[in-house]
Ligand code: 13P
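Shown here is one chain on its own, the form predicted on its own, set out as structure tokens.
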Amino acid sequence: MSVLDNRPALKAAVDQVAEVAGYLWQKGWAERNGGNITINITDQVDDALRAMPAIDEPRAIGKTLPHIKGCWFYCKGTGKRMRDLSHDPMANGSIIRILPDCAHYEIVADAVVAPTSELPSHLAVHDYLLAKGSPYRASLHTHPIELVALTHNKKWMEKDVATRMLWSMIPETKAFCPRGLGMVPYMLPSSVELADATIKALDEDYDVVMWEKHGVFAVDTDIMSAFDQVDVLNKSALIYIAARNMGFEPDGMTDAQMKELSSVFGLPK
């Protein structure tokens, strides 16, 4: 029996993670055990689940995060594959709760599946989101091929240069990703420095942050919305690369066209 049984809201949230995990694998963005997903499920946890004992000893987060005190999360498991998670999320991920000291967590269900090694980074982002009163409850890290390819050219790592190009490839990109793409220079994966740089970029009003030569980190209200933003941005990168492969530099939308789009749809300038 799973804790998802007879908890439709919680099951729907975890099932959505499984659906997105399948998309990531199908797109080639989640090789082997690549990528991570963490969602804040506190609002879907009922009193009976809150009263359940842990199934493992408390584990240290690695930092103290006061704003996630008492929160609950579903996390992809360390070493687990997205393609497997898409079929069986509770065997390839776990539900955890943050202890009152804000520095430890314990696994509650369904099995002792250690969360991703990047859990401290993900939880630090969720702590930041809660501190600022954000409605965002999902974080996604994945490896979209074309966006990663862009970061191998320093030109695209300059602030908002890639954003301008990606917005200009197709109108939907600015409409659905109005905050563009933040850029973080290469840092060691899973490092505190990378987590801090990601939070700084999010604080600059980005929802999707590019890690040079590595992947993206996206946040949104739910995991499907976070995936959608990455999907749209990568579609624009594909259009750009397709044009270059046909032997020309794409014109892109003009500044006037982009300004008109922003005005009509009430988007940030």
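All values derive from a computational prediction rather than experimental measurement. Each residue number is its position in the shown sequence, starting from 1.
Beyond the structure shown, there is the form predicted together with the ligand, which is absent from this document and is the topic of what follows.
For the ligand in the predicted complex, the listed stretch (237-245, 55-63, 224-232, 35-43) containing residues with heavy atoms inside 4.5 Å is 35-43.
A heavy atom within 4.5 Å of the ligand in the predicted complex is found for one listed residue only; from His143, Arg83, Arg179, His104, this is His143. Between the ligand and the residues Ser134, Asn153, Ser117, Ser191, the one pair within 4.5 Å by heavy atoms in the predicted complex involves Ser117.
Contact annotation: Gly79 falls within 4.5 Å of the ligand in the predicted complex, judged by heavy atom distances. For Lys27, no non-hydrogen atom is located within 4.5 Å of the ligand in the predicted complex, even though that partner is not displayed.
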